[in-house]
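This document opens with one chain alone, in structure tokens, the form predicted alone.
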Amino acid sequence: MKTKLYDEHIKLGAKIVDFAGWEMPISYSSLKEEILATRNSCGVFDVSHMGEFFVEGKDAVKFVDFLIPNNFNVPNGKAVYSPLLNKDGKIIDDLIAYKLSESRVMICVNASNIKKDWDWIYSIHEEENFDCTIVDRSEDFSLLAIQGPKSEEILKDVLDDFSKMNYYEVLENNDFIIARTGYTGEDGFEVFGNHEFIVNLWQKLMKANVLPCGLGARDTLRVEVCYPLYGHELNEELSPLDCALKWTIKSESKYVGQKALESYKSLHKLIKLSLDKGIPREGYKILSQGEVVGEVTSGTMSPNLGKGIAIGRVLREKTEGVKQYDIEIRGKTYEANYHTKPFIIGGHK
């Protein structure tokens, strides 16, 4: 599958790879240039492969609040990040739900999980008695992520109806839906619109000298700020309590998977490690006092820090209070630096 911006990517000489069945740009210029541009100025990402579901009707907000463990009783115009759980309290996906109004909600899900998520959400809708409809409109929308400290300034120039927004807010008008969220840790915006509108916006951004960025830069940027990715830090064998997502679990109202989580004892935890020498990669073993206690779930070289960085999953019972770890790379062990905070503190507003 190709996004509507595919031809634009080819014109710019993008390196194309398969991602979840989509032909997506992994990079254009150099990975380092794209990462630094996003941290220091502005970069734009085509993320049109993501899925968009709409919930509409009198009980739209109540249904979404029941569907996800995070609290969705929020003011109009707010966005909420949350895992999506099965009835065993395990993670089907993670998503952002946007409260467009009291009777209209948009849910944005990962590209690789669109069908699975839709089937699950539809089944819950069929089981429960909420007065609302759900529609999969993933094919109707293209989506750009404009990220970086200059993103607001640039969007003011290229979007006619741009309005002042706070972090994790969303606005809808006749032409597009815009949210101030992002997956890089930097200030940034996501613009959802029909395909023609988004292609036109992309071309305006190119004329404004915004650097096009691929999925490679996006992945390194999210690891630098320690944002989880489904299929890496998150999967259907883990609960939010295993993945540093306890903060997404509400106590005020019922949600899918609640009963299972009430009695669940977490077996794993996520840790943040860096290496002064060597690059950690997914699947590399993490050791404590010579014993394997986990593995790297995401690893890369950070051009901002000039060192290898990793998020890892370790066994909780073997690592309580432990802050000294090694990472095994091709048969050799390298001493790792333990971090309590993200490697980079992003500049989101």
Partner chain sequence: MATKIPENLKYTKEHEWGLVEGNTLTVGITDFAQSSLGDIVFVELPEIGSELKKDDPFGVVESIKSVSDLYSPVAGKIIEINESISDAPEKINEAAYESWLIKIEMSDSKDADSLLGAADYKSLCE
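Numbering follows the first chain given and starts at 1. Fair warning: this is a prediction, and the values are worked out from it, not measured in the lab.
Same protein, other form: the form predicted in complex with the partner chain, not shown, and the subject of what follows.
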Which one of 62, 285, 316, 281 is close to the partner chain in the predicted bound form, taking close to mean a heavy atom within 4.5 Å?
281
Residue within 4.5 Å of the partner chain in the predicted bound form by heavy atom, from 77, 231, 149, 216, is 216
Which of 297-305, 316-324, 66-74, 44-52 lies within 4.5 Å of the partner chain in the predicted bound form, heavy atoms considered? The stretch 297-305
In the predicted bound form, is there a heavy atom of the partner chain that lies within 4.5 Å of any heavy atom of residue 15, even though the partner is absent here?
yes
In the predicted bound form, is there a heavy atom of the partner chain that lies within 4.5 Å of any heavy atom of residue 289, even though the partner is absent here?
no
Taking any heavy atom pair closer than or equal to 4.5 Å as contact, tell me whether residue 22 reaches the partner chain in the predicted bound form.
no
Examine residue 265 and determine whether its closest non-hydrogen atom to the partner chain in the predicted bound form is within 4.5 angstroms.
no
Suppose contact means any heavy atom within 4.5 Å; which members of 23-52 contact the partner chain in the predicted bound form?
30, 31, 32, 35
